[in-house]
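To begin, one chain is listed below as structure tokens, in the form predicted on its own.
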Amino acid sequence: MAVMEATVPDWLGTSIMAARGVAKGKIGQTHELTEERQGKYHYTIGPYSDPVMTVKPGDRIRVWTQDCFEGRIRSESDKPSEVLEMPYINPQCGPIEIEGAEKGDAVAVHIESMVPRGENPRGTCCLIQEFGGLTGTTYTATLNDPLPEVVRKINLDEHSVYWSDRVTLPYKPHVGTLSCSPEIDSINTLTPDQHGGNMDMPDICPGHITYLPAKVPGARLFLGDCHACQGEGEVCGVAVEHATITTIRVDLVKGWNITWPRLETEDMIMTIGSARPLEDAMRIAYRELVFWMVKEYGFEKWDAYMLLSQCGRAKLGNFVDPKYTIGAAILKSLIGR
């Protein structure tokens, strides 16, 4: 298995994480969260499971993730209804406690690299009965027959996803499910909300920084459900799911009491909302972006609102899971960054 070295983008030194994080851009110890160290994977995200490790702000963690099926779909002849037990989907690594994290802080997660794991890595895509954007589901109940159960196994490497003889896609990995623990609830790993969760946002990818609200001591970071590629919306409900070694660096922004996840790239800032219907997720995301522009970038509220109507960017995570996810973004060049 080839392992790409984690690289630090040039812009990272000017990021919120570097400017306001406890570590001030310094890289600390590297930790290895292997399958053996993880032991049991988690299918809920909450404050009640035992942490697998404690790290300091600035530390790196190399996380050995499973695919979203925990490897249960082994061949194209497998039927998801026979090998999967819903809702045991999206096994999570962690929780990882971050030293010094308290309620009212924000956890910064910089994804440094993601590489396929295994000697001959393959991804999995499939159709699952009553799951997806173009079929009846338990939340959108219809009398249509369930989808046929179709499994596709896909060869891939750190450059390409070999979908078929006709189509080769670029390897553009991202983390589907990334969270800190809610304060009291334990939420299943299929559901996104204020804690993060199964957002399936392609922008949560190598080179970018996600900021998550800390609600409990240690924050309790969870990570899993990695995708080799995915279109916006994840329309059939399943991306090219694969096991990875995902290298992250974490930091802590003390006293940054954010309500919903936020994301930063070299060129833009983004707020992420999750809800049903889809327009409510859009409303949450854009409202949070207005609030951010007013509080930290000197905009008047109604000016920010009108400006975003002209240049805001909407990014679609998923519109399949129990809640839908939208990111609202604006270019840094327009807010004086």
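We number the residues from 1 along the sequence you see. This one's a predicted model, so the numbers in the text were calculated from it and none came from an experiment.
Omitted here: the form predicted in complex with a further copy of the same chain. The next part is about that form.
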property	result
Contact residue in the predicted bound form, chosen from 218, 121, 133, 207 - any heavy atom within 4.5 Å of a further copy of the same chain	133
a further copy of the same chain in the predicted bound form reached by all of 169, 286 and 291, non-hydrogen atom within 4.5 Å	yes
Any non-hydrogen atom of residue 38 within 4.5 angstroms of a further copy of the same chain in the predicted bound form	no
Contact of residue 312 with a further copy of the same chain in the predicted bound form (heavy atom, 4.5 Å)	yes
a further copy of the same chain contact at residue 125 in the predicted bound form, heavy atom, 4.5 Å	yes
4.5 Å heavy atom contact, residue 91 to a further copy of the same chain in the predicted bound form	no
Which of 133-141, 242-250, 91-99, 112-120 lines the interface with a further copy of the same chain in the predicted bound form (heavy atom within 4.5 Å)	133-141
Any residue of 174-205 that, in the predicted bound form, places a heavy atom within 4.5 Å of a further copy of the same chain	183, 184, 185, 186, 187, 188, 193, 194
